[in-house]
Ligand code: HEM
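The chain below stands alone and is given as structure tokens, in the form predicted alone.
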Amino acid sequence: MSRAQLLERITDQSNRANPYPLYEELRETPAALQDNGSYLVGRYYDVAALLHDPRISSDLHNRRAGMPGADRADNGGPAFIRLDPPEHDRLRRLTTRQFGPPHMPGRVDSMRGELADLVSTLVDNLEGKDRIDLVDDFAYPFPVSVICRLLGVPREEEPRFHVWADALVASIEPTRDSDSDAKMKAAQQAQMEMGMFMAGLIEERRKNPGDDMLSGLAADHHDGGLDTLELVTNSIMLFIAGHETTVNLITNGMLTLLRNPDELDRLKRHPELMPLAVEELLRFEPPVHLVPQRTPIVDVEVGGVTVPKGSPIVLALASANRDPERFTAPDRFVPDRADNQHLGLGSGIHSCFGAPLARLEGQMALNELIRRLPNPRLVEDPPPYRPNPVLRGPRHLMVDCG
């Protein structure tokens, strides 16, 4: 198959377990024009430059009519991840005021005790089992509990959120297939139902505020505050982004460690290395593989290739993270790798909003798992993967213990 079908091959479920040979092929060219009109970019320095380029828009309204994604420009509401400055900056700034420095410098750090209790309890529940599903038994419930607590979503409502989140995530795809229309319709229904629930919850928080982010966002009138649609849309985005990437970080992390038992033993003996190891995991097996929603607002040149205004640009973060022009021995997992400026959580103005929390959750989860699981072993390698090519991770990760 030609280079023009690379995106189709990368997003094919049959290549989900190991797309890295395709990324190596992608890096042979700076920007590969695809049959659907998209330009696929996978070299580290090109991807990093485009993530910081103000001529590259995240707003699908800038995409030419007929191009992939152009028909979805009005879907989903004003989430700041889908906007450009200055509106992006206003919404992200208002949201950040309830999450991190300078207004909430201790928000994430103050959750350490609660996170430790959650991790410990979940691992307690694994004791005595000969076989566990790391996804269903640990990697999913841990970050979901955290984001529910952080936002102020009642934990008992999580099953409904799970169904809605799955429908919304399934619609995030850089290519279309025979199921795309059905997935988009399901996503619109989920967005409506989740929005109605969130609107009710926000109204309740306005009347009875707590110490959660929704209460803070609803009461914050700085810079005009967030209107109800902005608040609902960005709360939904935070809920999904707040757990999907972390589920994949933990699951991809344990899968990598179980494939590298010497490094697992080393981290077990030296847990102080885990912060560096998590950075390496974010490089080696990142939770987000593709950024499909970028569009140039003028003609731009990528390594000598002109990408016309309005064309979709798909940035392959996972390919950039394995670029030998940037990383020595990029296909090796090196837990204490030096000079590890990866793109696993993005870069530029749209870098991962919850990165400090995701890193902390990943470090605490993996340290506790490798410390307490007795003789863990993979049951199936490769494991079955979720169908989404953008947020890549195993659907199940069966592990034998004891």
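Residue positions are given as counts along the sequence shown, with the first one as 1. On a predicted model such as this, the values are computed, not experimentally measured, just so you know.
Although it is not shown, the form predicted in complex with ligand HEM is what the next lines describe.
With ligand HEM omitted here, the record of contacts in the predicted complex names 77 to 85 of 77 to 85, 161 to 169, 265 to 273, 324 to 332, defined by a heavy atom within 4.5 Å. For the residues Leu33, Leu51, Ile370, Met364, the 4.5 Å heavy atom test against ligand HEM in the predicted complex is passed only by Leu51. The candidate spot formed by Leu238, Thr245 and Phe353 lies fully in contact with ligand HEM in the predicted complex, as each residue has a heavy atom within 4.5 Å of it. For Gly344, a non-hydrogen atom is located within 4.5 Å of ligand HEM in the predicted complex, even though that partner is not displayed.
Heavy atoms of Leu282 reach within 4.5 Å of ligand HEM in the predicted complex, making it an interface residue. Contact check for Arg205: no non-hydrogen atom falls within 4.5 Å of ligand HEM in the predicted complex. With a 4.5 Å cutoff on heavy atoms, Arg92 counts as touching ligand HEM in the predicted complex.
Residues Arg294, Leu317 are the members of 294 to 329 with a non-hydrogen atom no more than 4.5 angstroms from ligand HEM in the predicted complex.
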